[in-house]
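Next up is one chain by itself, shown in structure tokens, the form predicted on its own.
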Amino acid sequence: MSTGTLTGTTVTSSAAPRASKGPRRRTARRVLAAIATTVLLVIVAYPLIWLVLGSFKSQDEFLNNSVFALPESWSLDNYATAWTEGNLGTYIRNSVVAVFPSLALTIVLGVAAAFALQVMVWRGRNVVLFLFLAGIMVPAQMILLPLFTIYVRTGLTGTLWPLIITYTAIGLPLTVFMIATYFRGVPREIFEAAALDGAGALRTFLTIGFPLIRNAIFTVALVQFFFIWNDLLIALTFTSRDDLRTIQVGLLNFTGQFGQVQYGPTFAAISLNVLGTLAIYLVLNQRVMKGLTAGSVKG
């Protein structure tokens, strides 16, 4: 009896510390996760906050005060200067005119090509798909000079058409590759059932294929939008006049002679650019998350 009692006492005394360690470990993990999340949030958010705070500072504050000091006033003069004297409105208009037609052409042509290459069965589709994928490997710097020569001979320079054509051509390979991957995750029985019901290729694409991957299309469109909107190299190559410059090229105008920079208007212009794109991402955030996880589970 005494042995059994001692054994039972021993078991009970060793299980109690184990039971008490579980909540402590979970609490420690939560604290570490909270600390790591806070550190990451500060690393990501602080540069944006510092940028917005800098847009309210004067040139004298930038040159004489600490870089971490708060603005002495909250005047919007830098934003007014960036909009009027810096022609920010003209640059934003040019970006909108060049970006959204390019994005629309890239998505419409890319989704249609991906549907034809992945869903439809026809001879030579693997070769065409390989050619699209090969386009991803071509650096943009290699095609700028030949394209510039073609645009000069065709008389397209002095307009925004070179930007629209170039952005569409560069965006198509990646769009076709990503959308074809999403189409590969859709069960073939759906398209076969539509064919048995008498639906043609165009009707199957518009009423079945396109709605099934609409969240993936939003994701790809957002990726292409950020690439085109933030482009500097292509826009700088094909826009020779100041009234045709996009916002990324226009920001270079805030650097004056001998490298002198008007920091306040420059920070204000960059803040408007960043906050605009951030607002678009926040609006489409949920659809982007759904598009990223669309291929993870097959139904």
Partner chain sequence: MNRVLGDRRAIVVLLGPALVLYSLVMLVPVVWSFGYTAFEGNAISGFHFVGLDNFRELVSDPKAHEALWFTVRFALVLTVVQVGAGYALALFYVFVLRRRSGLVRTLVFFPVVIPTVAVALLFQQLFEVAPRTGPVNQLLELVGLSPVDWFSAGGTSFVVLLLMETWRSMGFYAVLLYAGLIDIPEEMIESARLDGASWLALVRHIVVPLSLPVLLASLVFSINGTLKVFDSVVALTSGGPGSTTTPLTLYMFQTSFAYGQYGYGSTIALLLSVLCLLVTLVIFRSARRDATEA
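What you see is a predicted model, and the numbers here were worked out from it, not measured in a lab. Only the largest set of C-alpha atoms that superpose within 1.5 Å between the two forms is called the rigid core. Residue numbers count along the first chain shown, from 1.
Omitted from view is the form predicted in complex with its partner chain, to which the following refers.
The partner is absent here, but in the predicted bound form a heavy atom of 170, alone among 220, 88, 98, 170, sits within 4.5 Å of its partner chain.
Listed residues 126, 159, 73, 149 were compared with its partner chain in the predicted bound form; 149 is the one with a heavy atom within 4.5 Å. Using a 4.5 Å heavy atom cutoff, none of 80, 180 and 186 lies near its partner chain in the predicted bound form. At a distance threshold of 4.5 angstroms between non-hydrogen atoms, residue 104 is out of contact with its partner chain in the predicted bound form.
In the predicted bound form, its partner chain lies within 4.5 Å of some heavy atom of residue 29. Under a 4.5 angstroms non-hydrogen atom cutoff, its partner chain in the predicted bound form has residue 166 among its neighbouring residues. Its partner chain in the predicted bound form comes within 4.5 Å of no heavy atom belonging to residue 155. Interface residues of 33-47, taken as those with a heavy atom within 4.5 Å of its partner chain in the predicted bound form (partner not displayed): 33, 36, 37, 40, 41, 43, 44, 47, in sequence order. Once you line up the core between this form and the one not shown, the Cα of residue 240 stays within less than 2 Å of where it was.
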